[in-house]
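Just the one chain here, laid out as structure tokens, in the form predicted alone.
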Amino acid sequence: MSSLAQLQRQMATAVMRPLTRSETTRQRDANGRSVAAEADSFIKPNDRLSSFERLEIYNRQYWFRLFSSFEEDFPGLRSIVGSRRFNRLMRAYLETNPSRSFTLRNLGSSIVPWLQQNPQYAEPHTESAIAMAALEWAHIEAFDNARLPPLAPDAIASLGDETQLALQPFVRLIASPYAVDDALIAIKDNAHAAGTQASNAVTLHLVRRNRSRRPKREQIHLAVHRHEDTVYYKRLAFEDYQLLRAFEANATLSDAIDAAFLDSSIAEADRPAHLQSAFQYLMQMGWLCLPSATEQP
């Protein structure tokens, strides 16, 4: 390894080292070595700041940027658990899931499984916190994920029972025991009214009822999707959710229809009309594509 590469790794390690609880640079590293001595080995002091103090500027700014990005992406989670508990949750999560990407967009990619494994950080509202985090991560994915060539309307007539279909990557599906969509929209609307910046600079142009900050218990099924650079939350019938979940797994048309009506309360005679309406909407929105499209680099 070149001396430059070694210096870059040393600097990165020092800058990315977690802060103390008082948001200052740690005096010693994980092995008990002096961080001040480490800083002296590769950072020059000046007439105002020591090597350690110069390092601390970068160390603190790095972590403050991570905190800011995480807070912007998960305002709903913060609202549910409260600011003090959210700060503890955020620090614990980021220390065990440090940024590994060139973009901060991926910072919260592991938040849902992490909360499932560490429920104590969201108590006593763990279940609703996990549901909200799932929605907020789906929001990020819906905003950024690719839009592939949609299934052409004239292709519907040629579909057979064994034809495989796929769901567009920008459509994310959520099943939640809480009305997290209503709650998150209310939180974002309150933030806009207060003049604060909304997560991902995306405005949700939706009007909903019963807007409380903490989600009420209600089983819902959602499609989180993007349309003209805006993210929307569409509530789905149980059958439509099951249909889309099957397409998400690249199911055949026949298997997807079977999955849609598994445990359904819709009468057999009414199912063709339901399917016709569902497919009309899916084609209109361009949510379906061929599995081969999702495999393209």
Partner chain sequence: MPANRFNGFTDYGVGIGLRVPHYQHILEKKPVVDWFEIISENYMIDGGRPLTILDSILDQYRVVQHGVSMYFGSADKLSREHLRRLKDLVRRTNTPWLSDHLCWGSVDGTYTHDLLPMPYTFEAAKITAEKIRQVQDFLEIPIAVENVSSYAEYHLSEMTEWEFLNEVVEQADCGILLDVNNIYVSSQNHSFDPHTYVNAVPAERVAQIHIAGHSKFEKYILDTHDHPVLDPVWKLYARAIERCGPTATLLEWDDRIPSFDEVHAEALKATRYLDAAAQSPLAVTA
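Think of the rigid core as the biggest set of C-alphas that the two forms share within 1.5 Å after superposition. Since the structure is predicted, the reported quantities are computational estimates derived from the model, not experimental observations. Numbering follows the first chain given and starts at 1.
Same protein, other form: the form predicted in complex with its partner chain, not shown, and the subject of what follows.
Comment: its partner chain is not present in this chain, but in the model of the complex one of Phe42, Tyr232, Phe67, Phe261 has a heavy atom within 4.5 Å of it, namely Phe42. Of the residues Ser265, Ser254, Gln61, Gln27, just one reaches its partner chain in the model of the complex with a heavy atom at 4.5 Å or closer; this is Gln61. Contact with its partner chain in the model of the complex, defined as a heavy atom within 4.5 Å, is made by all three of Ser3, Leu104 and Asn145. Considering its partner chain in the model of the complex, the lone stretch of 81-89, 182-190, 221-229, 113-121 in range is 221-229 [heavy atom distance within 4.5 Å]. Within this chain, Asn46 lines the site of its partner chain in the model of the complex, having a heavy atom no more than 4.5 Å away. Glu53 belongs to the set of residues with a heavy atom inside 4.5 Å of its partner chain in the model of the complex.
Of the heavy atoms in Ile57, some are within 4.5 Å of its partner chain in the model of the complex.
Within 4.5 Å of some heavy atom of its partner chain in the model of the complex lies at least one heavy atom of Gln8. Annotation for Ser41: C-alpha shift of 2 angstroms or more between the shown form and the other one, rigid core superposed. Once the cores line up, the CA of Met11 ends up 2 angstroms or more apart between the shown form and the other one.
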